[in-house]
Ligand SMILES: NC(=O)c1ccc[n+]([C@@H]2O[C@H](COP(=O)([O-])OP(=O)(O)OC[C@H]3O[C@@H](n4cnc5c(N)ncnc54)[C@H](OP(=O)(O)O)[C@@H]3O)[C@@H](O)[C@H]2O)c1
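Only one chain is shown below, in structure tokens, and it's the form predicted on its own.
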């Protein structure tokens, strides 16, 4: 399906981004995985094998982002799955420096990457941003997470109009198991979202399928795909 396509995954060394890389390679794509840590990138590339290349980028640094895309050259699809350390304190107790840094990493990081990717994306290409279910239903202690996720979805809709025919979409994951399952995580999630119809957390590979769909569907733009196991029902 993606033979002769180049797909760039920022945040591709772990979690959902790594799962997207696995599926894209299986579908025949040439894949570039990128993050701040070269050590993690090389470890991920060793596991992925196939047509994978690693590139270092710091999404908080505009010059790093510009240089990254210059090295990558022309490509077809970009997915951004960066996940900074997210503060989960109560609104009145949050440290402003911590929440500002988190917002900068997730929202402005995606903004910078999308902005400087556009000139390198081939015809019929796309950008897929990542939000999260707190954009739709917030939870105690998740005020900044709700704000950055909602802002991400609004950004994608706005720039989809401006950069067409390049398509811009968002994947909105629910609660996902970490690479290494954390003891007690499902119980913690139930305290936040007691309505889990499927009674489990999602797997990264299940979320990754949404990115592949958005890469391939030439009539999807400005869309948000929610993959949350019914948590926001």
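Numbering follows the first chain given and starts at 1. All values derive from a computational prediction rather than experimental measurement.
Missing here is the form predicted in complex with this ligand; even so, the following discussion is about that form.
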**Asked** Given that the partner is absent here, does residue 14 sit within 4.5 Å of this ligand in the model of the complex, heavy atoms only?
**Response** yes
**Message:** Check residue 169 for me: does it contact this ligand in the model of the complex (non-hydrogen atoms, 4.5 angstroms)?
**Reply:** no
**Message:** How about residue 69 - does it come within 4.5 Å of this ligand in the model of the complex, if we only consider non-hydrogen atoms?
**Reply:** no
**Request:** Give a yes/no on whether residue 159 approaches this ligand to within 4.5 Å in the model of the complex, heavy atoms considered.
**Result:** no
**Region of this chain that lies against this ligand in the model of the complex, out of 115-123, 159-167, 131-139, 90-98 [heavy atom, 4.5 Å]** = 131-139
**Request:** At a 4.5 angstroms cut-off on non-hydrogen atoms, which residues of 196-215 are near this ligand in the model of the complex? List them in order.
**Result:** none
